[in-house]
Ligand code: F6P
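Presented below, as structure tokens, is a lone chain in the form predicted alone.
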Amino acid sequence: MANIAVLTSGGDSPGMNAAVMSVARAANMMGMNLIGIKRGYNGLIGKSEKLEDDIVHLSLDQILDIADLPGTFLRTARCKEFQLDEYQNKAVKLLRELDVQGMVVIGGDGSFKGAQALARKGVPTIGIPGTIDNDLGYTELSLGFDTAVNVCMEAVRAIRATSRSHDRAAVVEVMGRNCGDIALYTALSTGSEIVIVPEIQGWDVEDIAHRLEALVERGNRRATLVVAEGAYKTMAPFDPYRFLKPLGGKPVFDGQPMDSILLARTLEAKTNGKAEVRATVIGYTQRGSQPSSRDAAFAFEAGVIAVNLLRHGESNRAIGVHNGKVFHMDIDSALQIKPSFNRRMYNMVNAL
């Protein structure tokens, strides 16, 4: 195997660059040339006007210093067209023209489905999980998750410090579209009193308000509520506008979806002023930070394993972590494993 390629796809996550660097070092040691595909699968289907805008020949000198950089050196994007057979065939044709004999794909479940398609069409492909949401059920860890939790942990610690100073409660929104792991582990690592996640269908704003009010009555006026960004879509029906409009304040548009600021205003009102509540959205700092030691170490090991698998003729394999050890399994089986939510730890946070 003389030439292999690597791409990063989907949302960027800390550790993607570390994984690319590891792939480059392993390929160099094994006498392989490495091609980088820009902007995920968009580069494979030639969406740019010129080929050199879609691919780059990666020398070891280029790559050695990117491991600790946030973001992704190769850029990333989602590519809906790649779900279609005609575009998959176009990608295979380009790889054949480039004499690429193997692919490493770094991304989440959508990226893995693309890797699966390439493998089925005869391109040996290995997947490395890269998503801060940690929503791939087959692995205990995906690149970027540990970093995202650490970023949120530091932010919540700072917020709790000012909450103590002013006796204010805080609503802190973190990322997590369909998976509440970032919210849960942020709450666990900071001693936050309430966590709200999308896995809990029909969670009730009234219930959250009652729990906050109970905390205040027990002497805790500075509780922290950590909420995953995707949790609002699983909340029980609640019309905050009908409730808030009689209270005055700035006018709002009916139909605006619930968010952290609106949730904070609602909780403040529902507790009859017993709790003063402020909202903070941590946002993209979770994606754009340097990888933690755990993410960087996993990226390094996964990159070496991916190149070794290709060298030994393996394909359609997903690299992951099980019982703390890096392993690999076929992508078909990996994608069938649904993420499991730690309900016990969720109940522990919300019960205290």
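Computed from a prediction, not measured in an experiment: that's the story for all the values here. When you see a residue number, it is the position in the sequence shown, counting from 1.
Although it is not shown, the form predicted together with the named molecule is what the next lines describe.
Using heavy atoms and a 4.5 Å limit, would one call Asp133 a contact residue for the named molecule in the predicted bound form?
Although the named molecule is absent here, Asp133 would touch it in the predicted bound form, with heavy atoms inside 4.5 Å.
Consider Met175 of the chain shown here, and say whether it contacts the named molecule in the predicted bound form, taking contact as heavy atoms within 4.5 Å.
The answer is yes: Met175 has a heavy atom within 4.5 Å of the named molecule.
Counting only non-hydrogen atoms and a 4.5 angstroms cut-off, does Arg75 reach the named molecule in the predicted bound form?
Arg75: no contact with the named molecule in the predicted bound form.
With the cut-off set at 4.5 Å between non-hydrogen atoms, does Lys47 touch the named molecule in the predicted bound form?
Taking the distances in the predicted bound form, the answer for Lys47 is no, it never comes within 4.5 Å of the named molecule.
Have a look at 281-289, 301-309, 322-330, 52-60 and name the one stretch with heavy atoms inside 4.5 Å of the named molecule in the predicted bound form.
This holds for exactly one stretch, 281-289.
Ok, Glu199, Glu229, Asp181, Glu268: which has a heavy atom sitting within 4.5 Å of the named molecule in the predicted bound form?
Answer to the contact question: Glu229.
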